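Next up: just one chain, as structure tokens, the form predicted alone.
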């Protein structure tokens, strides 16, 4: 097993953030941590990283995290929800972290090419888009070629295209043998990346299932978020109303509840009305909480 957690418990005073959570993750798996704000997703990841105390047993790549936290971290490449870098160029940033991790700088060019940011190597990080910054964070995480990638809501701050590109990159790394553990509140992300889902609620592990069973077991609604330009907004709402769809306007987008006809039904209705759809993605759960973070 690449990761073994037994009775993982974390308390903050009288509050229990994790309550006897146990799970195993095998080499090459991609496992999602699912849960609402405060469920314990980020706390679990921080325990894996050995950056906070906890009760119970936890081994990462055969290393006891409580006793050898620093050694355990060498097996992990960590990508936060939103990486913060010093005001240096991309290349300078990679060289800085290569020295910090005590790894050869010979990997830098290959990683920048693999992350498709080599053409931005002489730009300052502050000039990069959100998607490019996340790719840089992933390149930094891969410098020491760790067997495990840990990602905390990795696409939460990205636009739709950047989300898809980043997910595809993580998929490729998982297919190449990396073990992936990530927290998420996005069903499309979980469906694309995970082989298994661990559902946390109030610090407890309440469900373990394959991703295709998650929505049904949790009773989640599926929503299609459709992006249309301002001139077509009013007509879009009219068509959805006439076709009997449940929908909720939201800025430049409209959330449409997916029924038995699937996501193609509302898209087909808009196409028949000659309404161009700029982009779309899938959201699961309560729209008032679906974008929350742990």
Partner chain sequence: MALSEKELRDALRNRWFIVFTIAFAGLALALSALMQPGGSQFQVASYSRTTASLINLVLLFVPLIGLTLGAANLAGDRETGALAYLLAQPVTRVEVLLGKYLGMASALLATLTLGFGLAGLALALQGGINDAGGYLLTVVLAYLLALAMLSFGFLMSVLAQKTAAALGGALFLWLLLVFLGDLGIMGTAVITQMPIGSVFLIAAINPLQMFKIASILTIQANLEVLGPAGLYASNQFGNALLPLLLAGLLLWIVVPLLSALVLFARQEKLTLKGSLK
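Since this is a predicted model, take the numbers as computed values, not measurements. Residue numbers count along the first chain shown, from 1.
Unshown form predicted together with the partner chain; subsequent notes refer to it.
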property	result
Exercise: residue 96 in contact with the partner chain in the predicted bound form, heavy atom 4.5 Å	yes
4.5 Å heavy atom contact, residue 82 and the partner chain in the predicted bound form	yes
Residue 170 within 4.5 Å of the partner chain in the predicted bound form, heavy atoms	no
Interface membership of residue 269, the partner chain in the predicted bound form, 4.5 Å heavy atom rule	no
One stretch from 27-35, 59-67, 44-52, 243-251 that, in the predicted bound form, holds residues within 4.5 Å of the partner chain by heavy atom	44-52
Answer option from 118, 92, 165, 188, heavy atom within 4.5 Å of the partner chain in the predicted bound form	92
The partner chain: the contacting residue among 88, 204, 105, 207 in the predicted bound form [heavy atom, 4.5 Å]	88
125, 161 and 225 each touching the partner chain in the predicted bound form (heavy atom, 4.5 Å)	no
Partner contacts in the predicted bound form for 120-159 (non-hydrogen atom within 4.5 angstroms of the partner chain)	124, 137, 140, 152
